[in-house]
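The form predicted alone is given below as one chain in structure tokens.
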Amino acid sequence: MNVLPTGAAGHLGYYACRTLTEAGHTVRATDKEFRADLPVRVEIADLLDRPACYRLMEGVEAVVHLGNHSTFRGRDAQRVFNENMAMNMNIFQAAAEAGVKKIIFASSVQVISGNHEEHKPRAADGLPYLPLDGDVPPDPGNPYALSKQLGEIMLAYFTRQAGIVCVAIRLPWLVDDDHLGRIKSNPRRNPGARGEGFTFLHFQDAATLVDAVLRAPLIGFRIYFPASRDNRLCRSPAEVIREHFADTPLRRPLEQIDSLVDISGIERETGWLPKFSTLP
């Protein structure tokens, strides 16, 4: 498949380009910055430049849209929101007019996590239910998260209006091998936000999910919430629920919950399962 990953010079872009190339896809990578260690040439383009987005779509069958501002922390609210929205519309509209068949969008767990800082827990001391999944209702707590939620809404629109298969992936905290090692050695040093269910995912697992979504015979629009089966506290789901989510509604009996995130729908539709874990 001819695939256009935007944001190819970023951390996830690096893993995605390598994984997609190794999987046999034809990858046309783009970013506004150059990166020399990718297996493909990076085509320099600014996604705020509308004509450039149309040029990028030539011969493309699928878009993996990673090219947004990656966080809000310490940044200008209007710039993060406005530029993310402009980049999304430029890419999605150009893809629709070029006849692209599938769009994968890097959304964020922050769409659901409210004020996701640990010292600012969301209302009602937690989450709407556990285990989490892609159906958790939005609760954005900053302009970056809001731009991601609206990106999801835009994808649903393009599925209806243009017939594009669209998948928004609400990515949790992404980690590499070094991060994973630090979690294992000292899980309480950086436990993450309670409103995000203490979730994480290895960059490589995120990249293999992108490949799995590209290959899957999906229709319509869907939202996926992938995560490692374990959590950043390195404790059993039952222990974490008792301490942090005692009042959270459970979708199955506590003793039957083996993870704080239910990824069974992703596995059923794409065959994907995460490989990296903090467990022995």
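Residue numbers here begin at 1 and follow the sequence given. Quick caveat, the model's predicted, so the values are computed rather than measured.
Quick note: we don't show the form predicted in complex with a small molecule, though the next part is all about it.
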item: Full three-residue contact with the small molecule in the predicted complex, heavy atom 4.5 Å, for 7, 48 and 107; value: yes
item: The small molecule in the predicted complex: contacting segment from 171-179, 127-135, 154-162, 95-103, heavy atom within 4.5 Å; value: 171-179
item: 4.5 angstroms heavy atom contact with the small molecule in the predicted complex for residue 203; value: yes
item: 4.5 Å heavy atom contact, residue 29 and the small molecule in the predicted complex; value: no
item: Non-hydrogen atom contact residue 213 with the small molecule in the predicted complex at 4.5 angstroms; value: no
item: Residue 66, heavy atom within 4.5 angstroms of the small molecule in the predicted complex; value: yes
item: Contact residue in the predicted complex, chosen from 247, 255, 33, 37 - any heavy atom within 4.5 Å of the small molecule; value: 33
